[in-house]
Structures are given as C-alpha cells and as structure tokens.
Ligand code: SAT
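Take a look at this one chain, the form predicted alone, written out in structure tokens.
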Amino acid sequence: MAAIFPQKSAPPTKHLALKRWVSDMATLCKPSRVVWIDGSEEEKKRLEDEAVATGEIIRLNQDKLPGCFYHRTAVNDVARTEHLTYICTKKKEDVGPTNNWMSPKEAYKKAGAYFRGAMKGRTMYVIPFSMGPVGSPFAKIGVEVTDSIYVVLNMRIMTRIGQKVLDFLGAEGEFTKCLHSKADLDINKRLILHFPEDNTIWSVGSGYGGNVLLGKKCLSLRIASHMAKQEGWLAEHMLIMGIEEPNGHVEYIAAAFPSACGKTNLAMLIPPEGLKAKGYKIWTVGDDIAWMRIDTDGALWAINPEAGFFGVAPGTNSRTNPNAMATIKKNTIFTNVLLKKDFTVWWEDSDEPPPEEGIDWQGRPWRPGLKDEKGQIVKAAHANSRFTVPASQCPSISFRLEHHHGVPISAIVFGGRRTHVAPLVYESFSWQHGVYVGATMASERTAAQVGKLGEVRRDPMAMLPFCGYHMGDYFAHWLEVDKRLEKKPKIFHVNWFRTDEHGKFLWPGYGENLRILEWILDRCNGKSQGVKTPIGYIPTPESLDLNGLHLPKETLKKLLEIDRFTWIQEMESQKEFLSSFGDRLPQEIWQEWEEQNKRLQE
C-alpha cells in the first residue's frame, strides 16, 4: 500500500501555522505516514480501492448501485454519544446547564493520553475542507486529520475538500483544527471535545459519522454557534427550502425540528395532487444546517454549509421521501443497513419487502422474523443507520446551494411532535415572541427514542445538543439579531403530529404540508387571514387551500384548536424549563411567558 500513497515531500501549503499543527498532531499520534488530501477523482478511486482491500468498506453491486459502498461501525458506536461530548471552556458557567463541561487543560491531557501513538501503523490523512462554498463570505475552513478512509470519503461528500481549500486559505487564513482517531474504538476511551476558545475539535475512540465527520454537528453547530455569537450571525439546526410560483418567484423558508419530526422529508417535499394545478416547485437548499447573516439590504440571508446529506435510512421510502430515494441510487455510502446477497442494501420500512436472507448491521446472518434470546424481533438495519450522498444528486436540489451569497429567508418555522397541545400552525406576534416560541418548543418521545413514551422533551430551536455555549446567552443573541434586522422574517410554529382520541394522526403530513407552508408565505406577504389567539395567529378555515384533501371540517377544527386548560399546564412545564437557565435567561423571554400566561388565564 505504501506505493499507492507515497509520502509527499512537502505539504501543499505555505500556511506555516497549519504545517506546524499537522506536524504536532503527527508527533502525538505517530502515524506511519501523512497524506494530504487533494480532492481529485484519482485520489478518491485509490482510497476506495484501499478501503475495500482492508475491509473498511464493501463495494456494492455496481450495476444496481453504481459508485455505492457499504460500511459497518462497531456495535457500541452507532450514534452520537452525548454523554461523552464536552464543551471545553475556561469558565464552567459559560457552557450552561445543557452541555457537559470539561476544562481545556483536563480535556487536552485526558484525550492526549488516548491519542498518544493511536495511529501507529496507520496513515494520517489531512483533509482541508470548507463549510460553505469555497470563498463565500459565509464559509468557514477546517482541517481534519484522521486515520479513517471512511471519514475521508464521507468528508468528500459532506464538505468541499482538497487543494482548492488550501489555495483559498493562503498563508495566514483562519481554520478550525480538527483531530480524529478511531484509536481502538474503546467506548471507555471515547471523547468528543470542543474548544470554542481555541477553535479546535478533538474526537477519539469513535468511527460513527456524527462523532467523526467533524465538519458536521461539531463545527457547523457547536463551534459555529460560538463563532456566530462573536461575529453577529446565526448557526442553526435548520433545513432551508425554496417554494417557487409559476411566475418564477421563489421564497425561502428555514425550519427547525427535533429528531423524528420529518426535517429531511419536508426539505425534499413533492407538491400534493390537490395543489399541482398551482404549479409550485420545491427547491431543496439544505436538510440540516443553516448559517444566516444580515446582509446590506437589512434582510436575513442563509446558506447550507454542507455539500451532502447524512440521512437516516429506516423509514425512508418512496412514500415518505421519493426525492431522497432518487438521490441515493448512486455514489452513496450506506452505514449499518442490511447487506443483501446480491450486494444491494435493505432497511426496515423501505420500498421492498424484506429479503429471504442477508447480513445484518452487526455482520450476522439475518432472515425475516429472526428473534433474539429475549424473544424480540432482530432488526436488519440499525434504527440510526445512515446514507451519505452528494446533495447535487437530489432531483429537487437548488442551484443556490453553491451560491456564495445564499438565499433570503422570508419565514422561520419551529416545530415539534405534540399529540394534543400545539395546533397545526400558528404565527408568533413578533420576533421577540417568536424567540420565546422557539425557546420553549418541545417534542413528546416516540417509541424509537430512549426515555418514557410520551414524555415531553424541550429542545429550544432544535439546538439542545448542539449549542456550543450557554443557552440563555443564545436566546439573548437571537434577541440581539432582531435589533439589527430591517426586514424581519416572520416566525411560525407547526405541529404535523396532532392525534385524535384513538391516537390516529389528524393531519396527513408529507407533501400535504405544502398547504401550511403556502399559508405561512401568504402571511409573510399580507395575503391571508389569521385569527388572533392567546398563543399567536392561526389560519381561518377558508385561508387554507384544502382542495382535494377531503378533510372534514370537524377535523380541521381539532387541528387548529387551542385548549386553554391544556395550555395552562403547558405554561407550567415551560416555566420549570426556563427556570433552569437562571439569571442568564433574558428578561424578554420571561416577559413573553408572563404575557402569554396572562392571555391564557383571561
């Protein structure tokens, strides 16, 4: 293998600080060689061939899935490990109650011991990457060093990588220092560490994407949210989508949802039959991250800093997300799904019936109906199994994905999974009230999540696991942005998951959600009616286009109902949550809580 990747005589950069840092990391980890990633197609092929030869990835059926590969993680390494994820700042109070804290000194010492010699006999790959189009005023550059080809191949998909990034970085540019090693994949020696004051990320002992693709949640949210506060912009866990009218006019929405609330499905929505006569087109800009800045026009503009999708496979099918299914037909890395005999893949709730046999995500023989020693059905694919795929392959991808300037945001939408409390949609009274709505948003746990079924989990702006500093300060930052915005997006809350007394969903969801987005944009443009309620404006029944939906009037009434008794209980739950932020919770948030509570009591 040494002949395939010869040691380069000199790093392909004039950036002295970068060269020194890579040299220091090599001294710490002791790899047998260091390879700088240039991003070329030839390099990609060499890396794929080497990873196949070592068993790190499996080449799938190239006739049926061209350019696709399969990967398994360790059984104890299948998701983000929140309890091993730390924000490392000099002052503990700066990370707040929602983050784990470790002092930088202790963190460097503890992880340094795990990194010491961790790459012996391995290659250290140096990946220069850009979050956002290279050269965009939004973009941030990172350099990840790793001993995993799986990471290199995924970073190729998820970010812009290679020599063009180094060229833009120049001799003195700012970059995030990202160190990763699989080490020995020991969960007792696993750490994901963020040093916002040093612009540094260290991840050791994991091979799972969310812990090791350090441009993903680590840089684009935890570190970037800290940067955004310092620099006056917003780094958010949001999809970005455009809705185009037949006359070519496009308006863009940014939306934040906790897990299991259909964020990717909404970002790639296909208009329902009942609205097809209106000729809408949906454009996907991003399904996970939005970086938003106030431009010279006083409006909020956003980019998706990623170049790919890192999607959950189970539940993805042609009914829930036909665009995603079209996207993953080629050049995709599948992780922890079932490997079929013909070297294609399968997962629960996909388009096809289960195969008669296969190899499951743990590498064991599998067949339908197989049970474990406790009598439980054995799943073929892990519940958090993934696909990594270039965003450019999505049929609905927007050409603005690579636009340096991003897109203007007309509306910000928050959402959660509530069976009874929140109505289908409501509009906040103001930006400040909207920040309060986002700060108190919540979902009820589903069977797929750890914890008590139906338990309410607060997840402000869907950022609870990802905000890189004290959330009280984060809310204050949102309120500060309001003072500089001249053209404010309106803020809304949606809930696709309201149920009847039998637990059946009242709203059909998926493509039909466009009907609600239509009302949202009409409200932004002063075109539709709203009814004032204690929590915000809800649609009048006639302001929603329900053509072809056959939704009974009584069902619509239930969907939009504001039950004061339920909401008064909700306000107490919110109060308890907001109290956890102590004196760093902005007074404006308490003011909004008190005013809403008063409106509900009257």
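A residue's number is simply how far along the shown sequence it sits, counting from 1. Quantities reported herein were computed from a predicted structural model and do not represent experimental measurements.
Heads up, the form predicted in complex with the ligand isn't pictured, but that's what we're talking about next.
Just one listed stretch, out of 425-433, 345-353, 183-191, 211-219, contacts the ligand in the predicted bound form at the 4.5 Å heavy atom level, and that stretch is 211-219. The closest non-hydrogen atom of Tyr510 lies beyond 4.5 Å of the ligand in the predicted bound form. Contact between Asp288 and the ligand in the predicted bound form is found at the 4.5 Å heavy atom cutoff. Looking at Arg386, you'd find a heavy atom of it within 4.5 angstroms of the ligand in the predicted bound form. Taking non-hydrogen atoms only, Phe115 never approaches the ligand to within 4.5 angstroms in the predicted bound form. Checked against the ligand in the predicted bound form, the residues Phe310, Tyr108, Trp101, Tyr280 give one hit for a heavy atom within 4.5 Å, which is Phe310. For the residues Lys177, Arg418, Arg80, Arg523, the 4.5 Å heavy atom test against the ligand in the predicted bound form is passed only by Arg80.
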